[in-house]
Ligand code: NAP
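Single chain ahead, written as structure tokens, the form predicted on its own.
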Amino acid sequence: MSADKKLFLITGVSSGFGRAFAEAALARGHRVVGTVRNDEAAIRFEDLAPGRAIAVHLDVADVEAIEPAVAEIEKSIGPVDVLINNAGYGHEGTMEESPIEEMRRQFGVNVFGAVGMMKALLPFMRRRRAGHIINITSMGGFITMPGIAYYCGSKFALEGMSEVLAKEVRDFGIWVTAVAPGSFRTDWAGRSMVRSARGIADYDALFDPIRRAREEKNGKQAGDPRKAAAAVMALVEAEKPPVHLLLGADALSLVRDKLESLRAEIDAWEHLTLSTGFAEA
């Protein structure tokens, strides 16, 4: 394999972003190890590029299985150049109505699964003094809206940990980038969405229109997953990739609005912020 061809490890390649990322990498001549959860998905994935698309059975929610799986990939397939932590899903429901077990499940996949993958691969990348970790977060890791508290919480967590890790490993030749997409035409808001049951009428006026609008918008989102994949490939090829990257016009607009609102709130309450120190003698 030529020096410019890489080995990608991408979680959740059966559909959506994961499939788009894998197809883009394969189209550029790279090899891709993709995690799947059943034999049928494995066959479909490996058919994309026999010999270069390699399926590995792994559910990232099973954190105990991650380390041996990654060690076997490094041993049997080769050194991983790029990890794309893509596996995840969305949870919808007001916080009061959503069982705490749904939060554990959401964080188990979106946070613990991603961290488990990073921790399993970091020793190999650190010894090689090379590698790129890309964590697929969301504009929901910057902005919030009613009804997706568990999802936003998980993506805020992954954004924060990505930023910290980037500082911890920057002297080892390892890059870390948190990629935050806006609304893309994947199945995030459809089949992949877990929705808690409604039961408290007080939230009807606020939340029912939000749930209805999300269901109606599904399949009509402005973002093209193939173009997102091309952007991620450009990120991999960049000499100095960023720590944070937004994808999509909506993500750019909404996050900029959030930063302006936060700045205004900080300024408005600056007097109280500065009132908490010891008085000077």
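Quick caveat, the model's predicted, so the values are computed rather than measured. For every residue, the number given is its place in the sequence shown, counted from 1.
Although not depicted, the form predicted together with this ligand is the subject of the following passage.
Contact with this ligand in the model of the complex, judged by any heavy atom within 4.5 Å, is made by just one of 109, 103, 80, 165: 109. Among the residues 125, 87, 148, 176, the one placing a heavy atom within 4.5 Å of this ligand in the model of the complex is 87. Heavy atoms within 4.5 Å of this ligand in the model of the complex are found in exactly one of 24-32, 60-68, 252-260, 226-234, that being 60-68. This ligand in the model of the complex comes within 4.5 Å of no heavy atom belonging to residue 244. This ligand is not drawn, but in the model of the complex it has no heavy atom within 4.5 Å of residue 94. When contacts are judged by a 4.5 Å heavy atom cut-off, residue 37 counts as touching this ligand in the model of the complex. This ligand is not drawn, but in the model of the complex it has no heavy atom within 4.5 Å of residue 133.
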